[in-house]
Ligand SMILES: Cc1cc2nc3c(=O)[nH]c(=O)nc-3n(C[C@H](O)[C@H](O)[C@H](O)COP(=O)(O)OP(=O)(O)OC[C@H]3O[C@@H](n4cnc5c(N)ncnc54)[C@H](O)[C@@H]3O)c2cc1C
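Here's a solo chain for you in C-alpha cells, the form predicted on its own.
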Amino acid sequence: MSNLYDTIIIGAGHNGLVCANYLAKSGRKVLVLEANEGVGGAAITREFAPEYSVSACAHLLHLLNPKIVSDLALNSHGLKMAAKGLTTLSLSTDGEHLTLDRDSVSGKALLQSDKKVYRDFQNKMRRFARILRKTFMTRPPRLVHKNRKDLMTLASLGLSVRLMGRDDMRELLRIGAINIYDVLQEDFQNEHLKAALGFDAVLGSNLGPRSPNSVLSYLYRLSGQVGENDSAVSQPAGGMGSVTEALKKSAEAAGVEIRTGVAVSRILLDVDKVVGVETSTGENLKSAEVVSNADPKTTFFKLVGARNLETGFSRRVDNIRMQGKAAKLHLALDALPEFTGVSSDQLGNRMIIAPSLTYLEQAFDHSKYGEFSNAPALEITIPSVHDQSLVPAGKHVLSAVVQYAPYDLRTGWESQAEVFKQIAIDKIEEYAPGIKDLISASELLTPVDIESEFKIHGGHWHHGEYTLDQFMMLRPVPGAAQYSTPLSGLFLCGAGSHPGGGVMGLAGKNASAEIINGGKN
C-alpha cells in the first residue's frame, strides 16, 4: 500500500511543486518524482566552478504570482530577495547607456519627447498587460463547449476589454498580433531606446523584432508589473534555487512526499486510463491521477508513447514549436568588472546589449538558417554584487542570456559551443574592457545542454513558443488546453500549458484547481 498514491507528479520544477502543494492541502496523498538529484527544474542554483554558484537557467524573478507566495507561505520557508526593483541599463560602447525604470528612462542622448513617449507607452502597454494577466488566473476557456465556467470566463474577459474604452480597445486589437518593430517605429525617435524595448519582446524566444507575435510576447513579460503582481525584476537571495527550495519546504510541510534522483520511464495505462507510473529502476507506483510537469512532447511521446494516442492529437503535439534559441553564459571573475560609463553601484542591475532594432533583427536572421549570431544580443547580470554567498570573498560571477543560438545548429554544437562562447565573451569585452583578464572559469549552456540538464525537449525554457497559435485555449494543443488530456487521469501542469513559461507558478496552481474540481463547472 506504500506504493499507492492519490496523485503522482512527474517533475519537481516550480510548477510541479506548486501543484503538489495545493493538491496536498486539499487532502490528497501526493508523491513528486524528480529525475535530477535536486528539486527546481530550470530554476536551480548550482556550482559551475569550485565555490562559484549561479542560477543555472532562469536567473531573474519578475513573474512569480504573489498569491502563490502568500498561500504557500514561501517567505516563512526561507524565500528572501537579495535585490528588488532592478533597473535595466541598455549599454553603449561609448558609455552613453540608457537607464530604464518602470515609468521613466534617462540618458544623455534622449530627447525630452522620447522620455514622455516612454512613460505613456509603458502605461498603455501595462493596461493591455493587465487584461492579459486576468486570463492567467484561471483555466483558458474552450469555445466549442457551452460550459458555464468557460462562458463566464469569456464574458469577464470581454467586459474587461470593453471597459478599457473605445480608444484602448481599438489600439489593443490593432497591435496585439503584429510586431514590436512597427509599434516602436511609430512612437519613438531614439534607436537605442527602441532596441531596449524590442529586446524584452524577443528575449528567450524564436522571434525577432519584426516577427508577428512579438507584441504579445512583450505584454506577457510586462504582466509581472501590473496589479498586485507588481513584482518588477528581483534577484532571490541564494539564486533561483532558493525559490524552489522554499516551494519544496512548503510542500513537505503540507505532507507531500518528494523523491529526487528517480526518473519516470513511462506512464502506466489501462487502455486509455492512467493507473500509475514506472520508474527507470522498474518500480511501479500506483495512482489514478498522474500530473506531468514535463514539456508536452516529453510527456506524450516519451512517457505515454504515440501509439497510445489518437493520430490527429499526436500530429498536433508533434507540431508544437519548442526549439530553443537562447544560450546561457556563466563567468567566474577574480574581481568586479568595469563597464564603460557604468558606476560600481549600478553593476548590480540588469544590463542588456542591444544597440538597435536592426542589430537585433540581424542577430535573429542567422538562427533562421541554423547558424548562431556573430553579433549576439545579451541580458547580463552580476548577482554577486547583491549576494556574496554565491562566490568566494572578493570574487564575482556574471550570468548572461545570449541570443541567438539555435537548438538545431547546422554544424552541431559539439564542435561549435566553444566558438560561440568566445564570441559572447568578446562582445561583453567591447562594453567591459579588461573583463577577459578577470575570467578564471567559464561555462556556456547551449539549447542542447539545456535539453540534457533540465530535461526540456528542444532546450526551450518556456516549453514552447509564446504565440497566438500556442496561446490560451491553444496551449499546448487543442485537446490538452485545460490541463486535462485525452487520457483519463493524466494532467499537465508545466510551462507548456496556459499561461506559459517563466517562474510564475500559475500553470501549477490552475492545474491543481482543475484536478480538485474534477473539471466541473
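The first residue of the shown sequence is 1; numbering continues from there. Only a predicted model underlies this, so the values are computations on that prediction, with no experimental measurement involved.
As for the form predicted in complex with the named molecule, it is not shown, yet the points below apply to it.
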Do Ala263 and the named molecule come within 4.5 Å of each other in the predicted bound form, heavy atoms counted?
yes
Contact between His396 and the named molecule in the predicted bound form at 4.5 Å, heavy atoms?
no
Taking any heavy atom pair closer than or equal to 4.5 Å as contact, tell me whether Leu492 reaches the named molecule in the predicted bound form.
no
Does Ala58 make contact with the named molecule in the predicted bound form, using a 4.5 Å heavy atom cut-off?
yes
Thinking of His97, Pro383 and Ala432 as one candidate spot, does the named molecule come within 4.5 Å of a heavy atom in every one of them in the predicted bound form?
no
Which single stretch, out of 291-299, 333-341, 71-79, 268-276, brings residue heavy atoms within 4.5 Å of the named molecule in the predicted bound form?
291-299
What residues, if any, in 33-49 have a non-hydrogen atom within 4.5 angstroms of the named molecule in the predicted bound form?
Leu33, Glu34, Ala35, Asn36, Gly40, Gly41, Ala42, Ala43
